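Single chain ahead, written as structure tokens, the form predicted alone.
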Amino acid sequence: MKVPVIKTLVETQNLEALVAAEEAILEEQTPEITVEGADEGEQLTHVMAAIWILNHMQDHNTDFKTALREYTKKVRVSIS
């Protein structure tokens, strides 16, 4: 997971484009937007994180840094 890639996706893509990219990757197709990542798994991680962060920003009226902090907390809990 590369935070700069997630940040770029959040800043340059809307939720609809990210969801379409997520679906394309899951169906082993090439997404219409550029998603950096070493492989499809990393690309999917970046897209899913961007979707979660955008939703969190909208639902809680927060900025990117706050939403990113909440996302990384969630990831840490899930892997511990």
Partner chain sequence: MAVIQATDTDFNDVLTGNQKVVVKYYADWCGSCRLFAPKFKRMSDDEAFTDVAFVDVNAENNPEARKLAGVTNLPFFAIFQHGKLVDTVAASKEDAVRTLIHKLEA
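These figures come from a predicted structure and were not determined experimentally. Numbering follows the first chain given and starts at 1.
Same protein, other form: the form predicted together with the partner chain, not shown, and the subject of what follows.
**Q** Can M57 be called a contact residue for the partner chain in the predicted complex at 4.5 Å between heavy atoms?
**A** Output for M57 is no: heavy atoms all beyond 4.5 Å of the partner chain.
**Q** Taking the shortest heavy atom distance, is L26 within 4.5 Å of the partner chain in the predicted complex?
**A** L26: yes, in contact with the partner chain in the predicted complex.
**Q** May I ask you to check whether V75 falls inside a 4.5 Å heavy atom distance of the partner chain in the predicted complex?
**A** V75 belongs to the contact set for the partner chain.
**Q** Examine E42 and determine whether its closest non-hydrogen atom to the partner chain in the predicted complex is within 4.5 angstroms.
**A** So E42 counts as contacting the partner chain.
**Q** Give a yes or no on whether every one of E22, M48 and I79 sits within 4.5 angstroms of the partner chain in the predicted complex by heavy atom.
**A** Yes: each residue has a heavy atom within 4.5 Å of the partner.
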